[in-house]
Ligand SMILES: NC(=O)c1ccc[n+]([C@@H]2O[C@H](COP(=O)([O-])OP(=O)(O)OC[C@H]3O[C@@H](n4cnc5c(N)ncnc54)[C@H](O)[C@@H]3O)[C@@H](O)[C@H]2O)c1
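As structure tokens, one chain now follows by itself in the form predicted on its own.
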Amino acid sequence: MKNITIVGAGTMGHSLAQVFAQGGYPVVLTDIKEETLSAALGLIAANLKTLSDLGLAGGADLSETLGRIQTTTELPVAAATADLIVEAIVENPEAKKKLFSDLDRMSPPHTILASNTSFLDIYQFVETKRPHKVLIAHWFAPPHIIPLVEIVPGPQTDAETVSAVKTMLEGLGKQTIVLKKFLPGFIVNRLQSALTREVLFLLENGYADPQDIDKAAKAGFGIRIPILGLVQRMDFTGLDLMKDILKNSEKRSQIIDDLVAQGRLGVKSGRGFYDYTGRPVEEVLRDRDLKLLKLREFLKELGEL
């Protein structure tokens, strides 16, 4: 894939265009409003300057990067030579259905059509003659900073399409997750939604004020997430202890029950969700602690702790 088209030049679209242009791809950025496209180019220029000021532009010439981005309000022009089209328009099923139908008609048969939807099951309503070349590639704002992209294939998306998009994104320096099947909200938004529900519960029932909740996140579990994630954290806690914690809250987990029954208790037993065999427990804990200490001190320097 060589030519990229981004449909929608708003909050996500302008940053998506920037990512591909920084990666050396010629990009056509299209929107229905000329003023939106003009504003998008201004935002991209500002983003690139910020990266350059921090020494994170990778030595790329900023004018050269901007020069790779063309804009147009004419969708047929934008789609005509595209190898990959990423839509970043409003989260409206009817709007997306019409757009994909138009793109299917206007773009070459080999073109991959990707949606940046964060929740919608486009496979229920999008109609094209190339369902094997349609998928969801869900980015996170701002795309030029956040590394993750969730790839969600549909029932008819072929492995070649998934592989091509995954390879391209990883070539841009992105980290990818390929879901095994569609699930509303995918992974990140579902986790965020669960946290948001609990935050609102605490606030609405007067358990804590916003500042204390944010302090709990930043100085408590939040500092561990970048190092341990959410699943591996349980390995360090101990899955037998996790089982007891769940029991005390009148809940249970089949997967944790099964692992404990197999003697897979986490770091202390050498295996849990992850495999630590071949490394002494002391070494695994030291590696964790060094990373946590470095992150803690960095956050202190930023004034966040």
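What you see is a predicted model; the values in this text were computed from it and never measured. Residues carry their position along the shown sequence, with the first being 1.
The form predicted together with the ligand is left out here; the points below concern that form.
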Practice task
Go through 261 to 269, 63 to 71, 30 to 38, 43 to 51 and give me the stretch that gets within 4.5 Å of the ligand in the predicted complex, heavy atoms only.
Solution key: 30 to 38
Handout entry: Check all three, 22, 57 and 166, heavy atom within 4.5 Å of the ligand in the predicted complex
Key = no
Practice task
May I ask you to check whether residue 231 falls inside a 4.5 Å heavy atom distance of the ligand in the predicted complex?
Solution key: no
Handout entry: Heavy atom of residue 88 within 4.5 Å of the ligand in the predicted complex
Key = yes
Exercise for the section: Could you confirm whether residue 139 comes within 4.5 Å of the ligand in the predicted complex, counting heavy atoms only? Expected result: yes
Exercise for the section: Please run the contact check for residue 144 against the ligand in the predicted complex: heavy atoms, 4.5 angstroms, yes or no? Expected result: no
Problem - Contacts with the ligand in the predicted complex, stretch 1 to 24 (heavy atom within 4.5 Å) - result: 7, 8, 9, 10, 11, 12, 13
